[in-house]
Each structure stands twice: as structure tokens, then as C-alpha cells.
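Here we start with a single chain on its own, the form predicted on its own, put down as C-alpha cells.
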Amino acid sequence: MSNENSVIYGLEFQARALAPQLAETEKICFIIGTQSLKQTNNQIHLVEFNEEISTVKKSVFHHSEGEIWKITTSPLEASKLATCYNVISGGNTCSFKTAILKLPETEDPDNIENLEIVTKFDTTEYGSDIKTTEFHPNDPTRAASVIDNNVVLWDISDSEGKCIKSIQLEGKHNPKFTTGKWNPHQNCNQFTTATETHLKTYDVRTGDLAWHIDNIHHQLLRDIDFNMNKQYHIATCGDDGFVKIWDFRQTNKPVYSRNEHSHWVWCVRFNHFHDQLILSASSDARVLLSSAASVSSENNSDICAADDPKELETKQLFLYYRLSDGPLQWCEHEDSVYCAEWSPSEPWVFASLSYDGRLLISRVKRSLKYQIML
């Protein structure tokens, strides 16, 4: 289980920000943001993978605003992306900012240009540590930023983002959020956050807490992801090395829990098409593709035994060939891996980015693919 199914793309600078181009459903495209200490050197790379001939086409843009810590893309407009970046201002002080940028319609291969900033945000009153800006799944005029102990809902229809609502985390010792994500279910009216070892989900219409799960990891909770095919399932990962899946209707224990990494797990992602496949990325320099078949939407093991011998035989064949829970394949990097993402246009392709600026675009092994499609 090595990198035999992978294509390597190298960057000049260190990097930790990776996102799939969510609204691009025809091509396999990923977007990378660099982290150069020299502010004006930072870049955004749009990488297109041709699966038939295993080649990579790149488009490079300047991001002179600063080093990029997080990139997200719009699920509705392929040209739009949001960056959270660190700016060095007067007196050598650092501050985080966020903005929405737009990819150009036409490219000039002889000229590396800056991306157009289409929406700026004034985040001064909400804090200094911006973790992410997340596009609304269905509404192109809405976004949410996670800043210190605030979730700020924005109207992004103009060049200046307007705050619609601010939700504040309260508690002893001034707790802060570590990340956040829209719940794609529940009519997209919920926003889920991670704080310390807890999950908290808010109703964005009222700002009230909708549901929460406390102490879901023994150490810091790093990332979350919703199962697009099972509306009550959410995956989590953290510094305890665990990847877990929770049914937030029954929060006393996870429905799935694995500890396959030897260091912190920074990222977890469900496959949107085949949700028994889960990616996890860790600072142990590995990306792990795992099976969670026992709790997936494609788990039919609870089908009652039929009287018809043919139906019974079909069920027995399914149980025999069904993937078992646990590791399936992994990709080895040479540095910490902070991001791993599935392609939204091709369910068998995923990308991972290590801090040394090495992008691996990988395929699910053919034998696993056939086993899942059986």
C-alpha cells in the first residue's frame, strides 16, 4: 500500500491549505495555497488532473496578501474561493484576515496575476484568529466565518461583507472555536463548530444551540465532516489519533471509532458518493483510506432473510464481499499532512497535501473499487 496509484505535484513553498473545486463537476480540480514567510511570495495553484493520461495541468496566481492557512471553495460558483491568511503589518505584528477571491475566466500563461478580491471582511470586532470562512451550501449570498469565540454570518452579495448575525461561545477561561462547517442537511440552517474536545451546533436563524456532543475526543478536536448520505452522521478527528463517527441522535458513544494514526489527525473526509470510504490525514506523515462499511448508507446487512433462495443467496454474497471496517490503503508523505480531499467530480480520486509542498493525487485501488461496486 504505497504511492503506486499517485501522481506527485511539487510546490516551491511550504503549504497546508488544500480544497477541491466543489462546483467543478466535469474536471478533477484542486486548489492549493502556500505559506511563504515572505508575504509577497505566496501563491494559489489551481491543479487539474487528467485521469486518463495521469498528467497535471497547473494555473498559478499571486496571493500577495499573505501566507494562506485555509482555503474553501464555493459549492455553487466554480470561480469563487475564500482564503484565511496571515498579514504582517506595521511594527512586524501579525494579524489574520479573510477574503473571497475570484478566478479569472481566461488565463494568460505568460503572466502570473493576482486574483481579484470580490468580497472583503472587517473582522476587527470579532477577534484576531480566523479559522475558516465557509460558503453556504445553497445560498450564494451567504457565508460564515469562525473567528476566536464567534461564528459570524455574512451577506457576501457586495464587495464588503455585511454581518447578519454573530453567535458567541461562552464559557470559563474564554474558550475558542477550532473550526466550523455548515450542516448540509436540516435545510442548511445549522452550523457546527469544534471547541476544545466538544461539538456545538447552532441554529443560524436564532443563534441558539441546536445540539451538542461533549468530550468526544480525549484531546483537542481538529476537524469535522458530515455524511452527505446519512443526515445524522458526522465524522470527527483529533489529537488523540482517533477518527470517529457519531450519530448525533444518540451521543453516549460513537458508532465507529478507529485509532490507526500515530500522531494528531488534522483532517477527516467522507466520500460523497460511497460513504463507507473515509480519508484521514495526520502529522504522522500518512494519509489513510479506511472503510466504515458497518455504518454506511450502503450497509444492507440488516436485510431480513428472505424465503426466496435467490434473495438469500444474494444477501450472503453481499455479506461475504462487503468491506470490513478498518484501513484499506495509505499514502506516505515526508512531512506532516494537514489536508486530504476527495474530488467532487470523480469518486475514486483524492488529493493530499503535506507541509513540504508536496501534493499527491491518488486513486482508490481497482480491487477496492470493484468490491464496492459489486
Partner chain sequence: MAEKNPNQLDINGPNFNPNMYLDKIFKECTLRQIMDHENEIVKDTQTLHSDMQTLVYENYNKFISATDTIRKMKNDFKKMEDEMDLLASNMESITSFSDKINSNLQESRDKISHLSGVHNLLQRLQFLFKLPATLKGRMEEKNYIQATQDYLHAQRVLQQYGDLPAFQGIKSDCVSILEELKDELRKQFSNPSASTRELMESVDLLLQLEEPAKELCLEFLSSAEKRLSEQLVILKDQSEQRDIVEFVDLGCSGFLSDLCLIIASFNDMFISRINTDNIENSEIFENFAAVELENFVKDNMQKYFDLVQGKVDLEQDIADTNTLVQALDRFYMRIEGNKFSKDINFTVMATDIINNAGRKQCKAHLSILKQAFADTLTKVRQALTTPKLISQDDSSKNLTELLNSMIVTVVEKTKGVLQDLVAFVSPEICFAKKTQFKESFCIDNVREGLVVCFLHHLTASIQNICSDGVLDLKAPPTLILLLSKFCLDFRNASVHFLLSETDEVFHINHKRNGNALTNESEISNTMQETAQYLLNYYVRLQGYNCSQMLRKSVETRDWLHTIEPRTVRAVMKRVVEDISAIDATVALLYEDQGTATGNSSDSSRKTHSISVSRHQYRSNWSSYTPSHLDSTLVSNMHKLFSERIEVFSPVEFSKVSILTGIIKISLKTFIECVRLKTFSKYGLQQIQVDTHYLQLYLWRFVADENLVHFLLDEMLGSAVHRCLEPVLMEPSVVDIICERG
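Residue numbers count along the first chain shown, from 1. From a predicted model like this one, the values you see are computed outputs, not experimental measurements.
One more form of this protein should be noted, the form predicted in complex with its partner chain, which is absent from this view; the next part is about it.
Asks: Since the chain is shown here on its own, which stretch among 216-224, 162-170, 137-145, 229-237 would lie within 4.5 Å of its partner chain in the model of the complex, judged by heavy atoms?
Replies: Single hit among the candidates: 216-224.
Asks: Please tell me which of Arg205, His185, His263, His212 lies within 4.5 Å of its partner chain in the model of the complex, judged by heavy atoms.
Replies: Of the candidates Arg205, His185, His263, His212, His263 is the one lying within 4.5 Å of its partner chain in the model of the complex.
Asks: Using a 4.5 Å cut on heavy atoms, which of Ile117, Ile88, Ile112, Val255 is close to its partner chain in the model of the complex?
Replies: Flagged contact: Ile88.
Asks: Would its partner chain in the model of the complex be within 4.5 angstroms of a non-hydrogen atom of every residue among Lys27, Thr124 and Phe270?
Replies: Answer is no for this spot.
Asks: Can you check whether Leu37 is within 4.5 Å of its partner chain in the model of the complex, heavy atom basis?
Replies: Close contact exists here: in the model of the complex, Leu37 approaches its partner chain to within 4.5 Å, heavy atoms only.
Asks: Thr132 near its partner chain in the model of the complex, any heavy atom under 4.5 Å?
Replies: Flag for Thr132 set to no.
Asks: Against its partner chain in the model of the complex, would Phe49 count as a contact residue? Criterion: heavy atoms within 4.5 Å.
Replies: Judged by the heavy-atom cut-off of 4.5 Å, Phe49 is well away from its partner chain in the model of the complex.
Asks: Just to confirm, Ser336 within 4.5 Å of its partner chain in the model of the complex by heavy atoms?
Replies: Looking in the model of the complex, residue contacts with its partner chain include Ser336, since a heavy atom lies within 4.5 Å.
Asks: Counting only non-hydrogen atoms and a 4.5 Å cut-off, give the residues of 186-217 close to its partner chain in the model of the complex.
Replies: Stretch hits: a single one, Glu196.
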